[in-house]
Structure formats: C-alpha cells, structure tokens
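Form predicted alone, single chain, as structure tokens, below.
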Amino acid sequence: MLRRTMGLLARPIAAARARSFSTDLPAAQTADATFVEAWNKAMPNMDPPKTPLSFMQPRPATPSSIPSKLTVNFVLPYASELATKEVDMVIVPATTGQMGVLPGHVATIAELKPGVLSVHEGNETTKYFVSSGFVFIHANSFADIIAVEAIPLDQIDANLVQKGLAEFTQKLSSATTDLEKAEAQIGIDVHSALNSALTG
C-alpha cells in the first residue's frame, strides 16, 4: 500500500520537472489559438473577443548581464502606484520576513503581510504601508507588486492608528464567536503593523 501511494505521489513531481519555467518560455506574445479556433467554429460571422493575452505586453527577454536597475510595477485594485519605474531596490514585507529585491534577483513569488514596502531610488526612499498581496520577481529584473491596499507612510495619522488598535483590542476581549475573534485579531494585527511602521 505504501509503495503504491509513493508511486502516485511521485507522478506529479516528475510531471512538474518536465514543465518549463515561465522564464524559459519565449518572450514574444502568442495568440490563444485554441480559443480563437473554438470561437470561429461557434460564431463564424463575429470576430473573437479580446483575451487577457491580447492586452499583455510581451515580456522582455532575460538579459545576459545583470541590469543596473530593477523595473517595478506596483499596483492596487483601483490604481497603479508605480508603472515600469526603474529603481535601485525594493524591500517588501513578505510573510517569511523582510525581503530585499535588487536587479538580478532570482525569480520568486512571495506573499505580502501587513508592513512597510520601501522603494529605494538613489538617495530617496519612498515608503508605503501595504495590507497584503503578492510580489512576483522575474528573472529579467522586473518585479510586480500587487497589494490589496497601500498608502504612503506620510499620509497615516498616528492618532487614528492608536485609536483603532485600542478599539480592536477591546473588541477581541468582548468577542463571543469565532468570527468576531478572527475579525478583531485581524484588526489588531493590521493596526500593530501600522504602529510599528510609524514608530520604527
């Protein structure tokens, strides 16, 4: 029984090794041929609708040498904070700890936790508080940061942060259901991270 289970578990791993990484794929834009073919069969008199691939720019090829700058895209659901901005470094609050990203960083995907994201460009540093999200670091020295919510640190009111922390601490102590406890704990975690960002 154990041998059979181990054999079944090993199959997806072997298949994953055979699959190429996104950085190994061609940088040229390709049409979604399968979708277009199916559309033309079903609706021969109408042009096919645009797919996400038609809106995406081709990914630049991985350079042979490490560039001097990191190209960053920092987006929120409702706005783009940075679009193809060349910077020296970004430091992101990953769930595994603070992660510095420089040009030539190994391709990585990391989840963001509430904390400070700092963008370093020359002698200037711009800091944002991010609530959560993901960072996608590509081998071609591009980094895509997608946050649920973000705000520049200089726009945060320290008094409101203290007030919110006190409110959520009180809510946690008076919570009776698991849902109320979870909501209060999330509020405490976010306000504690905001407080640390302002004081640290």
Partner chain sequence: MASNAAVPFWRAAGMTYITYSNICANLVRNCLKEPYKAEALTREKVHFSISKWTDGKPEKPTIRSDSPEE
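Bear in mind that the values here come from a model prediction, so they are computed numbers and not experimental data. Positions refer to the first chain, counted from 1.
What comes next is about the form predicted together with the partner chain, which does not appear here.
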task: Please check if D47 has a heavy atom lying within 4.5 Å of any heavy atom of the partner chain in the predicted bound form.
output: no
N140: touches the partner chain in the predicted bound form, heavy atom cutoff 4.5 angstroms: no
message: Contact with the partner chain in the predicted bound form for Y128, defined as at least one heavy atom pair within 4.5 Å: yes or no?
response: no
message: So in the predicted bound form, is the partner chain close enough to Q155 to count as touching (4.5 Å, heavy atoms)?
response: yes
task: Would you mind picking the one in A175, I151, A166, A38 that has a heavy atom within 4.5 Å of the partner chain in the predicted bound form?
output: I151
query: Every residue in A61, K69 and G104 with a non-hydrogen atom within 4.5 Å of the partner chain in the predicted bound form?
result: no
- prompt: Since the partner is left out here, which residues of 119 to 136 would have a heavy atom within 4.5 Å of the partner chain in the predicted bound form?
  reply: F129, S131, S132, G133, F134
